[in-house]
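Shown below, as C-alpha cells, is a lone chain in the form predicted on its own; questions about how it binds or moves come after it.
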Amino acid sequence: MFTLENFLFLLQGVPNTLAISFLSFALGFALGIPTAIVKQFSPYGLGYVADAYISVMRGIPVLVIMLLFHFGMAGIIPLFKSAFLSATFALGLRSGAFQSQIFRGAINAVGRQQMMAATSLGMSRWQAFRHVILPQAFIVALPGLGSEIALLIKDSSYAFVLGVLELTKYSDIVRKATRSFLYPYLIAAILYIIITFPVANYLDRLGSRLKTKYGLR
C-alpha cells in the first residue's frame, strides 16, 4: 500500500533530479553559446568541428552516452566513476548541442541590419555582437531554453539506470518495497509535471514580455 511515508521517501529523489538537470543545463549553456558563435561567424574549419559536435551529440541517445561515460570511460577518466557526474556530463554535452541551435536561431532572428547599424556607429564586429546582438538573442532564446530545461529534467530520469538516487530511482525503490506497480510511478510522473511546467511556462512568459518591451516581435 502506498502511504504518506512512501511519498515523503520518494520526495528525497527530487534534489538529485534538480541538481543533475540544472548542472547539465549550465554545462550546456557554457558549450551552446560558443558553439553557436563558431557556427555563425568563424571560418569553415572551426565550423566543421562545431557541426561534428552537434551531429554526434544529437545523433546518439543520451542513455548510451551515460553508459559510455560511466562504464566505458571510468577507467580512463576517474571523474566518470561517479554515476552522478557521468549522467550530468552526458546530459550537459547533449544539451550544449541543442542549446547551440537555439542560440543560433535566436542570433539569426535579431537580424543582420542591427550588426550593420552597430558597426556604422564605430563598433567592431565583436563589440556589436557582444553589446547589441547577444543580449537581444538571449531574450529571443528564452522560450527555447525553457523547453530545454524541461527536457533535461525529464531526461535526468535516465540516470536511474546508472544507480543515481534521483526521483525515478526512489520511485522504483518504493515500488519494490510496496509491490505496487502503479502508484510510485504515477506519483513520480505527477512530480515531473509539477517541476517542469512552471519552469518552461515562466521562461516562455518572460521571453514574451521582454520581446514586447524591447520591440523584438
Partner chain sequence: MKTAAPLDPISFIISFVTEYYPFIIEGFLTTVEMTFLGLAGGFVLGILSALGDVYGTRLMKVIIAGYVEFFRGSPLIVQLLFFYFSIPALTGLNWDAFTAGAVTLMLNSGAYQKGYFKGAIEAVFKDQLMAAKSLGMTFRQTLRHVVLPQALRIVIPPWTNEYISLGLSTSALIVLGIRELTNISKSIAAQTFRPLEVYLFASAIYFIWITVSMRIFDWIYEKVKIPGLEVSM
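Because the structure is predicted, anything quoted here is derived from the model rather than measured. Positions refer to the first chain, counted from 1.
Not on display, but discussed next: the form predicted in complex with its partner chain.
Heavy atoms of every residue among Phe71, Leu186 and Ile193 are located within 4.5 Å of its partner chain in the model of the complex.
Contact between Tyr202 and its partner chain in the model of the complex is not found at the 4.5 Å heavy atom cutoff. When its partner chain is considered in the model of the complex, Ala30 lies well away from it, no heavy atom lying within 4.5 Å. Residue contact with its partner chain in the model of the complex: Tyr158 places a heavy atom within 4.5 Å of it. Taking the partner from elsewhere, Met116 is found to have every heavy atom lying beyond 4.5 Å of its partner chain in the model of the complex. Counting a residue when any of its non-hydrogen atoms is within 4.5 Å of its partner chain in the model of the complex, the hits in 60-88 run Ile60, Pro61, Leu63, Val64, Leu67, Leu68, Phe71, Gly72, Met73, Ile76.
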